[in-house]
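Below you will find one chain, with nothing else, as structure tokens; this is the form predicted on its own, and questions on how it binds or moves follow later.
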Amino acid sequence: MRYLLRRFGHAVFLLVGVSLLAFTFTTLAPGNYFDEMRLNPQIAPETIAALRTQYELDRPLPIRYAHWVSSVLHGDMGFSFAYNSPVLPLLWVRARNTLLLTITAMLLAWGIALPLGIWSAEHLGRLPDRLLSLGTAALMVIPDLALALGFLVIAVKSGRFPTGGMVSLHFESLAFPGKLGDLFLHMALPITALVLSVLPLLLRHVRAALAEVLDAPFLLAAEGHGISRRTLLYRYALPAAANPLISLFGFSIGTLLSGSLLVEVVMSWPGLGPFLLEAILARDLYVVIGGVLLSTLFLIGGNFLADLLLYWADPRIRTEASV
């Protein structure tokens, strides 16, 4: 239990550090939301000064940070200048869409990478393994932006897939199976782009981890006892290679999350990506800070989940933690 508490303490410390840096850098960046108002002759300077006072932009940075932390603890996460609303409800609507995209892509990517990586390790050095390695190498050099733009072109040219949004305009009038089908059509291309962006990395790590343990003495002994190849690979070899893969699982969440923000912008998926881009361009200070903090929270949560899985899968960690 000490191990988990220590990891949780590290996560909280990292979250506080990211919030402090994000608040400081975003606040000290030149310009703010009310600068454009000064160009409008219909808005009096006194009105702008009153708004700056209302949103505490004229107060010292430490006081503003303390008030922002208080708003986070109260579930507001600051106040949006553009929407005149607490930030957290605005972010959470978009965050759910981002999580839907990211979690689905992560499950698909790992569902493909594990069996394909195990198969590649089993045929290590042979022609199928070489062809698969060549394919993953080709995918790794394609930027995420190029993948997203390519699938967007496919959607426009074919007309079979939506070019943006999460659901169709007539979504509410559809029956439940129709709603699922409509949502699937809108998710298909963004998820495919995300899966292809992260799949080569996962495949290579699964292949390397399995190849390292396939020649272990205990596996050779198990094979000598007549255990089937499938059981040998999935029941004995995969658990033996699990530790680096579990650590990679936490890392892949961060990779997919960062990639999903770009894919969302290109494919107009109503997630955190377009919302944060809009907030950055508008200099909506607390929305930007809240988006960075929420993204960091997702990343930390994924790594903490990986720590939990490591604690459960490796008895050596439980033994060291109890000492």
Partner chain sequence: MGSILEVRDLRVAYGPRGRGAFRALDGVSFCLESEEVLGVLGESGSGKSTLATSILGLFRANTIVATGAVLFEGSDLLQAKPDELQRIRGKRISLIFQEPSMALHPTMRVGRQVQQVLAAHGMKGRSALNQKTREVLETVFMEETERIARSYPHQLSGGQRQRVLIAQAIACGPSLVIADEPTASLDPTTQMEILGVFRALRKRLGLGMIFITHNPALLAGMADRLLVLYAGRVAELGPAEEVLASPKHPYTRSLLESIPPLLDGPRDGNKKKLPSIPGDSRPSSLPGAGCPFEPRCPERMDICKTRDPQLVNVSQSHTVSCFRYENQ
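Residue numbers count along the first chain shown, from 1. What you are looking at is a predicted structure, and each value in this text was computed from that prediction instead of being measured.
The following text describes the form predicted together with its partner chain, which does not appear among the structures shown.
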Checklist entry - Ok, H74, H170, R160, R229: which has a heavy atom sitting within 4.5 Å of its partner chain in the predicted complex? => result R229
Checklist entry - What is the one choice in I142, L108, A240, I154 with a heavy atom within 4.5 Å of its partner chain in the predicted complex? => result A240
Item to check | Which of 84-92, 219-227, 244-252, 108-116 lines the interface with its partner chain in the predicted complex (heavy atom within 4.5 Å) | outcome: 219-227
Checklist entry - Does R6 make contact with its partner chain in the predicted complex, using a 4.5 Å heavy atom cut-off? => result no
Checklist entry - Does the 4.5 Å heavy atom contact test between R126 and its partner chain in the predicted complex come out positive? => result no
Checklist entry - Is A313 close to its partner chain in the predicted complex, meaning a heavy atom pair under 4.5 Å apart or at it? => result yes
